[in-house]
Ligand code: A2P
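Okay, so here's just one chain, in structure tokens, the form predicted alone.
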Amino acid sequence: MTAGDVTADGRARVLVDGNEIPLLGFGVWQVRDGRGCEDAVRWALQAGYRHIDTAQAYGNEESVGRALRDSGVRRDDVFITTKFYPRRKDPVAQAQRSLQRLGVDFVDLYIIHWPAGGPTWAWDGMQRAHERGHARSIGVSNYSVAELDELLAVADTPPAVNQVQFSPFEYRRGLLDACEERQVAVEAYSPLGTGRHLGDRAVGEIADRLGRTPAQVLLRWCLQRNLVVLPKSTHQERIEENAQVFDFTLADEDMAALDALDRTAGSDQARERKWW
């Protein structure tokens, strides 16, 4: 299998470095460190998620690690992502601290959280973290096409992923097409718009007709666009529902109706407004 291929079971994608990433991940952004985070991750693992996405900036890596250890699921069966906080200086030192907090020997994916200070300065440290075995794959987040190209021009090890805000409402066609051309997998964060997109009429009509939830429809759209998708919830029922997205398919006309919800004009930007 080559980069961009989906595995035979339809649940993972091959990255440019040959590693496989589960298409459905569980995000823990804005989930406070402690019992609530541990419960959410444990419920996700019980529901079949095998990809957990955290970050140094989230402040909950320790809870993710405790939940993984308490779950009974083998470490080798779970794909763990964390992200370098770019207001720190050394990606290697920060990776080592993340591993200590998570209680693991390596992460499967280590990402620059956003291109603060420019898109290239931290990449040498990311490559060193990769070379030292702290991360099996390395990538970026919130990078535009221009920023991605600037990085690719100097990278010895190219980024395997670009994690960006993505959904039918943020259908960044220019960015997605450019990433695919460069063999960079796109990961969709906030695919439900932190809940904002769930009440949309067009989404609801498709969901009602298919006997699905609006969240399932939005997540399925991402999967059919060959995206890795990262829903987040702290409610066990929602976590379980969001995992049930591999047993149905959206028809072409439903995909087209969802495509039409885009509010970015097919942008090649990762964000309409930067927070850094």
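Given the structure is predicted, the values throughout are model-derived calculations rather than measurements. In case it trips you up, residue 1 is the first one in the sequence shown, and so on.
The same protein also has a form predicted together with the named molecule, omitted here; what follows describes it.
Contact here is defined as any heavy atom lying within 4.5 Å of the named molecule in the predicted complex, and by that definition not a single one of P115, S144 and L152 is a contact residue. In the predicted complex, V104 stays away from the named molecule, with no heavy atom inside 4.5 Å. In the predicted complex, the named molecule lies farther than 4.5 Å from every heavy atom of V245. In the predicted complex, the named molecule stays beyond 4.5 Å of every heavy atom belonging to Q100. The named molecule in the predicted complex is not approached by T157, whose heavy atoms all lie more than 4.5 angstroms from it. Only one segment in the set 120-128, 91-99, 190-198, 144-152 has any non-hydrogen atom within 4.5 angstroms of the named molecule in the predicted complex, and it is 190-198. Proximity to the named molecule in the predicted complex, defined as a heavy atom within 4.5 Å, singles out one entry of N226, T234, T249, Q46, which is T234. Residue in contact with the named molecule in the predicted complex (any heavy atom within 4.5 Å), chosen from R42, R66, R212, R238: R238.
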